[in-house]
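What follows is one chain in structure tokens, specifically the form predicted alone.
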């Protein structure tokens, strides 16, 4: 893609986050991702280009190896001068001086088979599933972390700080369970309270889900109206509450089917951390409901080994020691770097993320030999695990053409029609090495708040004569 031949009128604002801004092409299925840099942190063109190249290399040499080539789409680094960005920024009111380089990436809200936009309707569901397991490390000092997942605890702190209005019923462990009933409950909970964990696009335009309080998300009735061309109810209802429920139910069914679909391409099978600890979270409303009914929820994961959720979970479990066990090792590396700052490049902390870097991540040992090499391996594994915990899964869906024989994409059955689909992973930038102290402080803050407020309140409300998991002895008195 040559800048001289680019027309800014062919591009439109697509979205942005804290670290980047994305513009999408009107006809081609590509986007340009421009990185944001604070005005007070000047970077040379060479530094920016190296940073972008590291992002591409990490996706190509690490995450693609773990997750499979079907799911990870690596970008191409290209130079775009401030002249092009300046012309475009007139419309989006942004400072052109903060941009210079961009990555050309596929537009993941579209089906990934074609290079050009299709005329048939395309639906895309973006899910940020978060961490799918409870810490199993013996280094964990907070007993609550062995019972309640990080996401559910963090919800309460976010509501208390005003970031969210109410607690979501979504629990990542339900989605990662592989149990369809639990997965359906998790997805319905996301639809009811999307926060920033679910967004839905139609033909590349956002139609549902927004974390910005100034732009409230549409309700489920409006969403069902958009979804009718894809999931028209088989009972023939065209409107009303029953139609809305039927359409949403069909959407949940299709997403579940796609998430459990399997693809074994790539070297994703090289990583096999064993899932230990609880398979359920005590804070999950689904688990609590079953507990009240006296049913057992301690089931093993039923995820097919080739599906994306399973592969993502394996990468997340590279967090072998939890932040509590990892932080002392981070400090060991820091002390070494203070004494030998020139070794930072040799240790590959800032790249390059090549085959050598990838191979070191496969060492799953947890016996500390006191070396910097051991500490660094665990630090790098933690950074990769945190990246997988914060990634987004993009599911693009489109009705099959009448001549389905020419369509080479996988197809999911629907009650009304067959749907072609593609699944991709987004937000795979390696988490910064410098963010580890912040993660350590945040973890302590989340757990302490939950333990002192929510858990303490639950204990106070629970009847004093019987508490869950208390030993109970039946004493018979002679009459």
Ligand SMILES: Nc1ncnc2c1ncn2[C@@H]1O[C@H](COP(=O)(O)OP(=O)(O)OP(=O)(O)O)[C@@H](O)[C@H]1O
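Numbering follows the first chain given and starts at 1. On a predicted model such as this, the values are computed, not experimentally measured, just so you know.
This next part talks about the form predicted in complex with the ligand, which is not shown.
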Using a 4.5 Å heavy atom cut-off, which stretch among 126 to 134, 336 to 344, 176 to 184, 360 to 368 contacts the ligand in the model of the complex?
126 to 134
Contact with the ligand in the model of the complex, heavy atom within 4.5 Å, among 199, 253, 169, 226 goes to 199
In the model of the complex, the one of 109, 314, 380, 284 near the ligand [non-hydrogen atom within 4.5 angstroms]
109
Taking 142, 147 and 149 as the candidate spot, are all three within 4.5 angstroms of the ligand in the model of the complex by heavy atoms?
no
Could you confirm whether residue 10 comes within 4.5 Å of the ligand in the model of the complex, counting heavy atoms only?
no
How about residue 411: is it within 4.5 Å of the ligand in the model of the complex, going by heavy atoms?
no
Would you classify residue 102 as touching the ligand in the model of the complex, given a 4.5 Å non-hydrogen atom cut-off?
no
Non-hydrogen atom contact residue 50 with the ligand in the model of the complex at 4.5 angstroms:
no
Listed by sequence position, which residues of 153 to 173 have a non-hydrogen atom within 4.5 angstroms of the ligand in the model of the complex?
none
